[in-house]
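Only one chain is included here, represented as structure tokens and corresponding to the form predicted alone.
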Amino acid sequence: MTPLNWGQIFAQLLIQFVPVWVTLLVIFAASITFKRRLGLYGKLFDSKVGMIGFGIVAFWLFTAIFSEGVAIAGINLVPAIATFDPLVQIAELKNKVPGTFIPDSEELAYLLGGDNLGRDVFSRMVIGAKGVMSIAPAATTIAFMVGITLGLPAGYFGGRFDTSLSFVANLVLAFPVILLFYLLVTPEIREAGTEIPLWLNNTWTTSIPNILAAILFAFPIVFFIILWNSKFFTQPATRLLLISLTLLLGFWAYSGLAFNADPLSAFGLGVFGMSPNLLNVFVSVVFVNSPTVFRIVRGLTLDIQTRDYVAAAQTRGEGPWYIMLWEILPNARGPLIVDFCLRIGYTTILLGTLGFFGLGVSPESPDWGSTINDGRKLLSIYPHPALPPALALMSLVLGLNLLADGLREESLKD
């Protein structure tokens, strides 16, 4: 059967993304209507660059959300964007051109062609967005909590504490990133007959990422405990309630994410957990990004702590952590929000790099980096398997950069 022409392919692609178009239309209409009440987010819609960036990022976000559809109680509320299972192989469609119909069908086609194993390139690109949009923002958020928790006291107190942390941060930043990824992500290889220490969990693929996970995943708990303690120090009841909830929810998530030991998993109700490969990638990205965030926060703290409102807070007798978290940090939010958007873009590139080199992901994973690497091998003969994930990665990073530019432009007007 004759493959679909490019006009038919584009029309079908537009139809597949209908849930995304509808969601974007609703969000843009509501945001523009109420933008004067939405703070910095609302001001973003006064910037054309910011709107374009936000639109691109939101497109991939909702593509990830709707990639496999949305169903509640067996009722399919939103149809899946992906047209095939990303792991299904059809031998007859190996390296077939975009628009090729599957055997014995006049309706189902590989819209962007098949790869070297006969898998649907379009479905792998769509499902791959789910991994990127779930890892990059979460890893960047953890990295920011680590950087803020350490950067604020380093810049505020200075002295040996600042010198020691700055030395460690510079040491990590000076290390070659790719080599660092190889050390953190590549599974540990042991000689035959070598005993594994009892204190190591057999589910760990390597000890280093799990030790780092135990350290890094504790920072969000520490951050929120300090935040509530400094804000509600004079309100013991409220402070105790918030800290108790933070400890309860924090250690529930901590045990599941860092040690894959969600307490509810014994009852089949586990919520938090990561596969060893995903944990390795996640921790590596957090570890690489945290020193840069630390240096940014430290520099902003050194500058802001000389302002009059900080001196006024010190005169009132406010504690150091109150001043850092409720006087200095809010006034540093503009640069930090911009850097947060840019850093998600950097993290997206890092994830693509890891996948491209085959680090930390399973060979059949539909992540964009490994898909690009698979298509690269036959790029001169069959360019279609590598181009869609490469363009997807490029567009997401471009959108994040444009979003950061829009936020920077509007924050400077404040």
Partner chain sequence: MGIFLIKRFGVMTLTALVLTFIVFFLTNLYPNLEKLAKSQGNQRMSDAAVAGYLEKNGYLEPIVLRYGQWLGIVPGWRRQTEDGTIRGRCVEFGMQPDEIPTRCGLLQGNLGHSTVAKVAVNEIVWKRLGASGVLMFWVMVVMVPMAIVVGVLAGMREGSRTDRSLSTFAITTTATPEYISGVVLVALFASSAVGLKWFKGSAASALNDGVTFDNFTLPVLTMALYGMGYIARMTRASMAEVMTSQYIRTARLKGVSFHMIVLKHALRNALIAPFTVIMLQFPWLLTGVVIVETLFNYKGFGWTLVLAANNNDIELLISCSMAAVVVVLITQLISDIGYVYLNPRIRIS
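Treat the numbers as computed from the prediction; the structure is a model and nothing was measured. Positions refer to the first chain, counted from 1.
If you look for the form predicted in complex with its partner chain, you will not find it shown, but the lines that follow are about it.
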Would all three of 208, 356 and 390 be in contact with its partner chain in the model of the complex, where contact means some heavy atom lies within 4.5 Å? yes
Which of 80 to 88, 300 to 308, 215 to 223, 172 to 180 lines the interface with its partner chain in the model of the complex (heavy atom within 4.5 Å): 172 to 180
For residue 386, is any heavy atom within 4.5 Å of its partner chain in the model of the complex, or not? yes
Taking its partner chain as it sits in the model of the complex, is residue 381 in contact with it (heavy atom to heavy atom, 4.5 Å or less)? yes
Taking heavy atoms only, is residue 401 within 4.5 angstroms of its partner chain in the model of the complex? yes
Does residue 352 make contact with its partner chain in the model of the complex, using a 4.5 Å heavy atom cut-off? yes
Heavy atom within 4.5 Å of its partner chain in the model of the complex: which of 372, 64, 44, 56 fits that? Just give me the one. 372
